[in-house]
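Coming up is one lone chain in structure tokens, specifically the form predicted alone.
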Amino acid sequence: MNKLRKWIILAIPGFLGFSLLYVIPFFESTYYSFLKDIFSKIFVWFENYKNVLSNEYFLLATRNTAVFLVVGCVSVIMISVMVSYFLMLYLKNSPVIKAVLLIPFLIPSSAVMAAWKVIFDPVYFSYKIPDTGMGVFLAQLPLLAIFVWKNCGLMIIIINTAMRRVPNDVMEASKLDGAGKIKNLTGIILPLIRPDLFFALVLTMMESLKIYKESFLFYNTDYPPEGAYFLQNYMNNHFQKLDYELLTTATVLFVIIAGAVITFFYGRERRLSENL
């Protein structure tokens, strides 16, 4: 009982800080989303939600964000798994390698954006690619490259650390049974490190939602090409216009969608873990 009381006392400052910075502002935003505007305080109930859900730019931003999230996160996790397995097989667990892998994640985006603009010409991706078909999504290509380069190192460290925790006895037994390197990876290692993969996936998803900073630095505008117009652009533009009721409505919808996605993956991961 005394131990539980100590844990509660230690958790109180963190809980108060989390409530002050996140929980209370979110509920305040939810309240604003039901108002005509924050000055008149006239309730319009779900009118703002109807307007936002029927807005073509919100739908465009949601589609682009979903595409970027799926393509970017899958690319990062797949590359990280392959590189992590290579490091586990052929290289020792060196702190120097970890330090090198962390460099892209730690370097500020503004410090390397000039180099990325040499590789991908912002003018070409802004004006030369078509606004229809697959051309719409080509505007995301530079941002996807930056995202993968920036986040792969951290995910490699997380996944490689999990792989090295797999017991050697299990690996040796699989070799005796005739399993090759690919079979070891897909049939033994990945199922055993599934919780770590889930953590890496959620962390990658969170990082993908910060791509607005790289988008603004690369395209140097709040209104990038249609294919690179994300939910953060939509929210930021309404913030600049002082349309707080639409901004808070989009925020609440975004939190609901993101929470549903994370809950789905968490529930699926738990069911798979229970079946093992």
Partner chain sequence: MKKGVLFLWILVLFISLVNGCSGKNPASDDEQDFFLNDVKMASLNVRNIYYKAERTISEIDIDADGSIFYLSIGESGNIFGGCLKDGEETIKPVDQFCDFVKYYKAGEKLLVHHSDTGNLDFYDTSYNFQKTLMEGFKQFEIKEVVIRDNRAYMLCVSDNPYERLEDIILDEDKGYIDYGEKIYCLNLDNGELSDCEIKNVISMCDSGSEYLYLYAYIDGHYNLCVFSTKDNKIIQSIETDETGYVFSFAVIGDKMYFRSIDTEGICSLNLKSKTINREVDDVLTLKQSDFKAIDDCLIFVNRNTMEICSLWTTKGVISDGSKTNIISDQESDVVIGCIDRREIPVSISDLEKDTDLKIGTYSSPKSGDASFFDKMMVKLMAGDPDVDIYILYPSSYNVIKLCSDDVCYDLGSSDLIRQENSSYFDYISDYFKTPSGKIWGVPLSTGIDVLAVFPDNLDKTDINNIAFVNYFEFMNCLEKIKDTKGIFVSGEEYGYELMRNYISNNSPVDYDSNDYRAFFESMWSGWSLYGNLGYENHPLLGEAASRITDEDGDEHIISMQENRLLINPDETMFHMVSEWDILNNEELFKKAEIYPIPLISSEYSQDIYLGRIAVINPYGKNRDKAVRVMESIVKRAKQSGINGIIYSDINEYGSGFNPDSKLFKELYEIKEKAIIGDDSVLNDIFLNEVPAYQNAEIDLDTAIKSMQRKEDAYRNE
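Positions refer to the first chain, counted from 1. The model shown is predicted, which means the values in this text are computed figures rather than measured ones.
Only in words, not in the display: the form predicted in complex with the partner chain, which the text now covers.
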Would you check, heavy atoms only and a 4.5 Å threshold, whether K50 touches the partner chain in the predicted complex? no
Evaluate N55 for contact with the partner chain in the predicted complex, applying a 4.5 angstroms cut-off between non-hydrogen atoms, and reply yes or no. yes
Give a yes/no on whether Y31 approaches the partner chain to within 4.5 Å in the predicted complex, heavy atoms considered. no
In the predicted complex, Y219 touching the partner chain (heavy atom, 4.5 Å): yes
All of F46, A111 and E214 within 4.5 Å of the partner chain in the predicted complex, heavy atom check: no
Of 247-255, 206-214, 65-73, 220-228, the segment with heavy atoms within 4.5 Å of the partner chain in the predicted complex is residues 220-228
What residues, if any, in 232-246 have a non-hydrogen atom within 4.5 angstroms of the partner chain in the predicted complex? Y234, N237, H238, F239, Q240, K241, L242, D243, Y244, E245
